[in-house]
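Heads up, the chain below is alone and in the form predicted alone; it's given as structure tokens.
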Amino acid sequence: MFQKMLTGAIGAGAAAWLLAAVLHFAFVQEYILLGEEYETGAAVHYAGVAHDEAQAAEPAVADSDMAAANDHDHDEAASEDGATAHDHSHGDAGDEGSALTRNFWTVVFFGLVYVGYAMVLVAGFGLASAYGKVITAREGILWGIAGFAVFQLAPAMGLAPELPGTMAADLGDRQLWWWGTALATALGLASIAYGRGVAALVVGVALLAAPHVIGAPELEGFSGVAPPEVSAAFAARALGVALAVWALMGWVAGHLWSREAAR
């Protein structure tokens, strides 16, 4: 049993790992980098509008003054040309190395996370099999979607995926609510899917609703430097990618589980 669970977890986690990395770099990474620009001040919300208005309000400069200013700029550029080129060459190399390091650790992180999620998923398969449930690839997809609901969709209903440059409530309070929501959602879905009678259905619905009735920790007011449009696009893409990854992971885990069971 343990070998079957380990094989299914590693195979499903590896497939999810690959898909998550590809989809992240294709659809999510650009919004994280953009959010970091707003967080560090490299980009400012409404900066383009303010800049255009400032330019329109500036008085016209005489042609002679403009020519003199241009000559001065050209002289400075000529005198500093060698130093500027030298600085830019080192900066580009440093940025490239930093980006490669960042991308490497992002891929490693996805591997650790999704192999861990796959272990939880196949542990659920083992528990269901102990009660006589047959797990196939089709069942695995449903389990994967349920895992997405437990670990990402339900918590995101109170704590949306956070873009850099946005504010959030106390970390300890958020972690406590997240774990409570994940546990209640898992038990609620299990009660609805495998419970018998009206009582199991009622208990399942109550468990699903409880964390949201209690409510996630919130700030007293809204603030942040990143535009809400960027935050919304980031959250939508992050959840969409997670759904695709969880569905694939469930299908692969179910397929491997059923193949091992048939031997």
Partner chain sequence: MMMTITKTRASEKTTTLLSVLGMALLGLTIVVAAGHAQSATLHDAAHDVRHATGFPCH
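Residue numbers count along the first chain shown, from 1. Source: prediction; values computed, not measured.
The following text describes the form predicted in complex with its partner chain, which does not appear among the structures shown.
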From Ala184, Ile145, Ala190, Leu159: within 4.5 Å of its partner chain in the predicted bound form by heavy atoms is Leu159
Query raised in the report: Met119 near its partner chain in the predicted bound form, any heavy atom under 4.5 Å?
Result: yes
* Do Ile141 and its partner chain come within 4.5 Å of each other in the predicted bound form, heavy atoms counted? -> no
Applying a 4.5 Å heavy atom distance criterion, does Arg102 contact its partner chain in the predicted bound form? yes
query: Should Phe234 be counted as a contact of its partner chain in the predicted bound form, where contact means heavy atoms within 4.5 Å?
result: yes
Of the candidate stretches 204 to 212, 218 to 226, 234 to 242, 191 to 199, the one with residues having heavy atoms within 4.5 Å of its partner chain in the predicted bound form is 234 to 242
Near its partner chain in the predicted bound form, with a heavy atom at 4.5 Å or closer, the residues from 188 to 222 are none
